[in-house]
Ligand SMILES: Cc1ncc(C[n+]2csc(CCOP(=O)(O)OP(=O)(O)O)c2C)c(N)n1
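Given as structure tokens, the chain that follows is alone and in the form predicted alone.
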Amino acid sequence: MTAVFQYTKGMLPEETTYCPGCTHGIAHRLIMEVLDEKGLLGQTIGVAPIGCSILAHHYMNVDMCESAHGRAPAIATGIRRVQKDKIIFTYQGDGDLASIGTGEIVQAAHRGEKFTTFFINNAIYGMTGGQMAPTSLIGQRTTTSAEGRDKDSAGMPIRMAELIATLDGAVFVERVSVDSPANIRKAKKAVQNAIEVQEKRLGFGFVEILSTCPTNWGLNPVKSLEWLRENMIPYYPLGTLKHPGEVK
């Protein structure tokens, strides 16, 4: 019998603390699977800030560092400056990266820091109770926008991938989704390309991963995937925004 599924060495055998149906686990596995396949687990340092991913070090079988809210790019920059032979990545949510840490991620990308950021966009603050995030959609109900996000008072949802792609220091930018097997395969390819960009030290790499938050969206896991497809992908279109051409 041929095994069709095996645990990757990049994931530790821990019981997850993520909510049922949350797709953080898929994103975790994709990143760790790529690092495992490339033989880079022992050469990698990850940085996770405050947010749902705060316990990523429980699951990811690489050296991990915790940062203050929004400051993961600054910590990763410091690590890069003294650990020149390592693979460095940050793993950040939308509240963290697109709100509190906007300055840090923009400046790191602007400088062309040679690490990779995995940006998990689920259009809401997950860990702290479902408040409106900079990425929440117009009309989306959250605990701080009970009538739905309003453009006049909250502005339009920020498209971080498009913003980062305008910066010269960012050499690889792609938005992917983990809502279906086909899109998960494309997401893994984006992770592979981003890591290869870093291996070649070409510049800053940014992969935005559209994800679900069933608990705070008030939907079951299946409906959450449908909501992502019907509402998030039209506003946050999938695809490559920037590619150096030197990776596969």
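When you see a residue number, it is the position in the sequence shown, counting from 1. These numbers come from a predicted model, not from an experiment.
This next part talks about the form predicted together with the named molecule, which is not shown.
With the partner removed from view, the residue among Y125, F115, F172, F118 that has a non-hydrogen atom within 4.5 Å of the named molecule in the predicted bound form turns out to be Y125. None of 160 to 168, 93 to 101, 79 to 87, 147 to 155 except one has non-hydrogen atoms within 4.5 angstroms of the named molecule in the predicted bound form; the exception is 93 to 101. Contact check for C52: a heavy atom falls within 4.5 Å of the named molecule in the predicted bound form. Using a 4.5 angstroms limit between non-hydrogen atoms, H57 is distant from the named molecule in the predicted bound form. Using a 4.5 Å cutoff between non-hydrogen atoms, K200 does not count as a contact of the named molecule in the predicted bound form. The named molecule in the predicted bound form comes within 4.5 Å of no heavy atom belonging to K223. Contacts of stretch 2 to 31 with the named molecule in the predicted bound form, defined by any heavy atom lying within 4.5 Å, are made by H24 alone.
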